[in-house]
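Here you'll find one protein chain in two forms, each presented separately as structure tokens under the names structure 1 and structure 2.
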Structure 1
Amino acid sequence: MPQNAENVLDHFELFRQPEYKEMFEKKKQFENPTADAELERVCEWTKTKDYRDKNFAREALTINPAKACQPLGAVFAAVGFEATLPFVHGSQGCVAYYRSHFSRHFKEPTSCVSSSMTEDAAVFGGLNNMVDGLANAYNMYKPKMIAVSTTCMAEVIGDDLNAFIKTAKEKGSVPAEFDVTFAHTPAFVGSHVTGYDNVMKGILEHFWDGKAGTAPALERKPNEKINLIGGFDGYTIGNLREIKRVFASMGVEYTILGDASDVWDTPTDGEFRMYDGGTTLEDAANALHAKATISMQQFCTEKTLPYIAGKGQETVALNFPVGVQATDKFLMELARLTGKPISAELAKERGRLVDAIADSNAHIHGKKFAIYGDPDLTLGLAGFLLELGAEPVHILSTNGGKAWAAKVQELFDSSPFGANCHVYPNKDLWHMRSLLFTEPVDFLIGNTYGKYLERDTGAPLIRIGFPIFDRHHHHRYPVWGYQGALNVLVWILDKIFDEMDHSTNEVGKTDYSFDIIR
């Protein structure tokens, strides 16, 4: 009997006991398994150039994509506003998925409601669902604002959010003056970053352009403030806190548009805070008057930034700035826009980051990396790797297209370390698998799903991205700013040193190189 009360064995050890191993063998005879030799042959074939060519010839099938759908990004953008309840119009299962997905990454609750449309709504439209749903959500959860977005179901049948919300207000679901923003976020267009963009733009339009015809449009009276939009960012907790510190250090007055750093990081002290922090609705409205808006992620704000620019603001689009030069650029843009000097404190932090890189870069120099993830994230990380003297040889994105690929190529061309590097737009992690087999790298950077690639190909995974389900709390650390870059540097180094130790720890075989000082 394998189990015992003193030392309870769970799935890690239990199924390795002889009783279970024997059971697995018995089960196999009912499974009609592939013969071992054939299995081995096919397994080896999947690692070849021939397989890679077939794999890259795919036109219809997507396997292990590194992207999610628009509505997920919609919820991300919405929860960043004060006491705002995301309301997703369409099938209810979608909302269960978004809530679970975010909770698995942030280890936090995510509050969001659905209009629970079913077959009758598919036939007759979801107006009643909107009317009842807004009334219920408003009464139960007492939000200050409701941000409506859609699932693919509502988009396919063509529900008109603007008209539905108007009707719901007329029917008294919520008070006429209550803020209900909306954005159409079809899951079959773009990805989660598109959904973020659409909802962010929808919220700004609501406040700036007269609340869907129910109030006068605001007139811009320019002030000296800076708006910052973080974009869909798995590190939003740490990053936005770091950005606030940077702004404070330079004495910049700012508004962060969509600040989820509190609601996804509430304390365990006996009280559940359904809402916490976030951009106040007043600040969202007044953000119109800001001098300029900085987007930390260009591809998360492709519609929002031009909209803001159209109001007369200057806009700056960055690509998930990580590292020395990217942070330099961010700070210099900030200084240029505000006329305020970069603080001595930040200059010192820069020096400390450069100091750390000088101390450690010998271990990174010349190492080959593969990176995958969202368009901006991959650009930011690739830029930092080039700075460290590493070669980001495969850069892949499922939701990055031609424009993204051109930017990545531009980045490669800017550094001698980019000479042998390639960019793969609109590809998935099964493509990456072929790349890692046929053109191996030293390290892989990506989200949790990269662990399957690590297992198959042996490329050690450094977990940076979204979602990260199987490691805890990294989202609480910044990766932006000089301090953030230091975190990224340490995560990369930790993996490199761990790998060095793992590959040199066999007594009597590789005693050398198992150094105590590195």
Structure 2
Amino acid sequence: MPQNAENVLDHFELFRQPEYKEMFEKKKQFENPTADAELERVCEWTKTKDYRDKNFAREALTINPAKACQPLGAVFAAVGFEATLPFVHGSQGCVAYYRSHFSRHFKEPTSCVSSSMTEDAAVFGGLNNMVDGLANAYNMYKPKMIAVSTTCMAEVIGDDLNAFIKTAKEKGSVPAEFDVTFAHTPAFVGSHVTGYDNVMKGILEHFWDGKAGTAPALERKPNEKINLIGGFDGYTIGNLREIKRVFASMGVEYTILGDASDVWDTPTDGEFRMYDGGTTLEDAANALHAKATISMQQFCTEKTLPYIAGKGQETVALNFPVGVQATDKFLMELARLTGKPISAELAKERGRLVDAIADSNAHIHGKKFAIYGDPDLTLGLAGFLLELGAEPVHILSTNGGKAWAAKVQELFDSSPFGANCHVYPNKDLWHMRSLLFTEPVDFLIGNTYGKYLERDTGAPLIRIGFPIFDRHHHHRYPVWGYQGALNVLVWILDKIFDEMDHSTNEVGKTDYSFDIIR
């Protein structure tokens, strides 16, 4: 049936029409004329141990990495500050990717501008783009601060952000005292967590070291607050609100550095909020005088935490605290730093989580899992699975290095359930495919891109991570703390029960132990 105004077909149905089937068949014959039998033979070979050995031996090629580039993390860090506009020095196409990635995950618009660099800027440099871009951004969008980062193009040609911003101020693009922070975030090295780290450090340097030069001196007062840095986190809305509740329960004064929980959760009430919430610029400056800083994700703050420690503050680095032990550690550190007792409310929540784990232990104990994603996320989830009596057999992180791998191995060594578990730093999802075929597991945990692995290998996917495009509103739920662990437990159990249902749906053949009768 042809597409027309009276019968509009969505993409699910449109490409199943005869004309498209014919087009795809011709395309296949043109691009890959390999005989079906040979294609099938090669496909089957890629599932073998022999192919796995060759796959793991490759050095110069990455296939489907489980990471994004630095500027994505740069934008994430920037939007967490009051009325701050992320300004990416690079092409419009790059910035469109960052905006769409966040908007598709959080289901909210994401404000971000670019300096619109094109071919001429790549040859002659992007100074003029910076001068005009800052002027336009300042006058059109009325931010309180602009946070500048870079893409590949600006880094390859060596644009100097500090010098460019100073020149733009001299030319009147923005007032001399206006806050413009900067961080170099080359997309061809590191990942989104590196970009987050670079921008967070750049913003703190701006206020704490006076890098702005002519920025007005915000009133700074010594305080007993605890700073908290959440890191790059697809659950930032649920997690930061949960952490605020924990702080309130213990009577802790705090500053969350980079609080994007309201930016990506604005109400629909007739008012467009380009900026909402965020850490105030005054709080960002006064955070220098806090008692200590806690990072919820060590590998998201590898530069920021040492910088803070160099200012004389005590720092604590955690690894995505999911589960009983990880939350215990967070709360005990909080109690130690503040001298405040862990509240009875939180103690009761701990007991409820332990009870829920005991209720469901029989269904999870001994199950084998594979996990991929960011370093701290995978560490936190692996720890929780071991706590549940499960076996996180394959832990893979494209942006996890040797230090991360050593920490995961230490975690494995601490539990009898970790004896047959392995960690894979700097590996990609094509490596994970080989692992799932040669050493199958019961379940796979990762972001939306794991659905291709699920279809290919048959490993059921539990969607936890970033980005999640094909399920809505999971980001509103916390995964940190006792309440967050309960959410993760439910998501895991739901998938387990779904698989039980799928394997017991043949009447008179497999339905004898259908779970509803017990």
Partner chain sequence: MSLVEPETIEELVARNKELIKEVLEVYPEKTAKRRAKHLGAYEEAKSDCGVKSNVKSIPGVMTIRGCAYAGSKGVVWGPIKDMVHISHGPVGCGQYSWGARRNYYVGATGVDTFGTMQFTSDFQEKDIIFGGDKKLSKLIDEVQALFPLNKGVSIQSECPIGLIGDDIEAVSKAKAKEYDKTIVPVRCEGFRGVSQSLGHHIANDSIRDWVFDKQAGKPARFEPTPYDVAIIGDYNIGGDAWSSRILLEEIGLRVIAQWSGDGTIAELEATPKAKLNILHCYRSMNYISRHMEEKYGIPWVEYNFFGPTKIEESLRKIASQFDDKIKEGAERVIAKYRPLMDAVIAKYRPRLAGKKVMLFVGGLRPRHVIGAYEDLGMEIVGTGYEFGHNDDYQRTTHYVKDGTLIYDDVTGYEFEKFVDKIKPDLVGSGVKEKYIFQKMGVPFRQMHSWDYSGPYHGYDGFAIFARDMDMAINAPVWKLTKAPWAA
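Here, rigid core means the biggest group of C-alpha atoms that superpose within 1.5 Å across both forms. Structure 1's sequence is the ruler for residue numbers, which start at 1. Computed from a predicted structure; not experimentally measured.
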| query | finding |
| --- | --- |
| Identity of the form predicted in complex with the partner chain, given as 1 or 2 | 1 |
| Residue shift check between structures 1 and 2, rigid core fit, Ala37 Cα at least 2 Å | yes |
| C-alpha of Arg16 moved at least 2 Å between structures 1 and 2 on rigid core | yes |
